[in-house]
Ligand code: NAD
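Before any questions on how it binds or moves, here is one chain, the form predicted on its own, in structure tokens.
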């Protein structure tokens, strides 16, 4: 038995006007300080207020949102009593909004209690996700990634019940993104697409979404990075890629690049998309070396080859990943993050522990033994191709 979950997706120019068509009276907006300062959150509030809504803004979400932040947000939501919760921003505000929504509906729960078996029985509110980046796909998934700042680790959780009710995807919100954020989030979408296709939970419903998302990222990310303020087509296509990659992996799962990236990013406090995409070519090589994965399918679909040789196609795909990462100035080794060898070695045992505890670890096409995992981290530190 399989479940496919999706929000209602409102996409394209003027899609924000849909906010004035929803029924309700109180909207709790979860966002970050930057979007509040830039007036984006105020614009959303204005649209809702014109439609007769009372609004409250919770603009405290930090990059890689913490347990502490979502607990504060849930307390604010309980006091305000909304009938809509709106996640506005990149993956951090949207993930925070999902956790806040769950704790608003079930005040006795903590964010750490949310899991696929949790019966949330939502009755008080619905959720709208409005992405302002093109990459995380959080607007389309039931996944939540939060950081425990005390333990310096991320944990991934979720429930099908916290798939947003509506996703409003207006790529015009991304036109002024800095190049670095465009690259980080776009490569995140690519990682979602590739891992969603090759993971052990892949299925016929998600496969096509993942393949198309990968094709779009390879075709349009460099353009969005180079001239995203003026290249409307590239921004539109990256918006599509991010959302359908989210639908794809949200209905399959992810793999080792996310498990390792979550562990590394939480410990060294580096951005999510930059971290998971760092590991993507390396874990792809690791899987190919073990005869695992369906990377040749992706290579053929994105036009790298017409040959049916899976290994050869997979290696062409790895090279294309690295070429794209170079084009958008993505770091391609842990050392390039200016992490000292001693600091890396001191962290290695914890990095491996937390990667092995990540929910994505167990759906990778090739699951490493502990020695192999340590070796993978060490090779990525040095930027060495995987030869085992």
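Positions refer to the first chain, counted from 1. Treat the numbers as computed from the prediction; the structure is a model and nothing was measured.
Not on display, but discussed next: the form predicted together with the named molecule.
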- Message: Heavy atoms within 4.5 Å of the named molecule in the predicted bound form: which stretch in 277-285, 130-138, 113-121, 298-306 meets that?
- Response: 130-138
- Message: Check residue 335 for me: does it contact the named molecule in the predicted bound form (non-hydrogen atoms, 4.5 angstroms)?
- Response: no
- Query: Using 4.5 Å between non-hydrogen atoms, is residue 358 touching the named molecule in the predicted bound form?
  - Reply: no
- Item | Interface membership of residue 183, the named molecule in the predicted bound form, 4.5 Å heavy atom rule | no
- Message: With the partner left out here, check for me: in the predicted bound form, does some heavy atom of residue 95 sit within 4.5 Å of the named molecule?
- Response: yes
- Message: On the criterion of a non-hydrogen atom at 4.5 angstroms or closer, are 65, 91 and 177 all touching the named molecule in the predicted bound form?
- Response: yes
- Message: By the heavy atom within 4.5 Å rule, which residue out of 216, 187, 144, 257 makes contact with the named molecule in the predicted bound form?
- Response: 144
- Message: Just to be sure I understand the contacts: of 294, 237, 154, 315, which is the one whose heavy atoms reach within 4.5 angstroms of the named molecule in the predicted bound form?
- Response: 154
- Query: Which of the residues spanning 278-300 lie within 4.5 Å of the named molecule in the predicted bound form, based on heavy atoms?
  - Reply: none
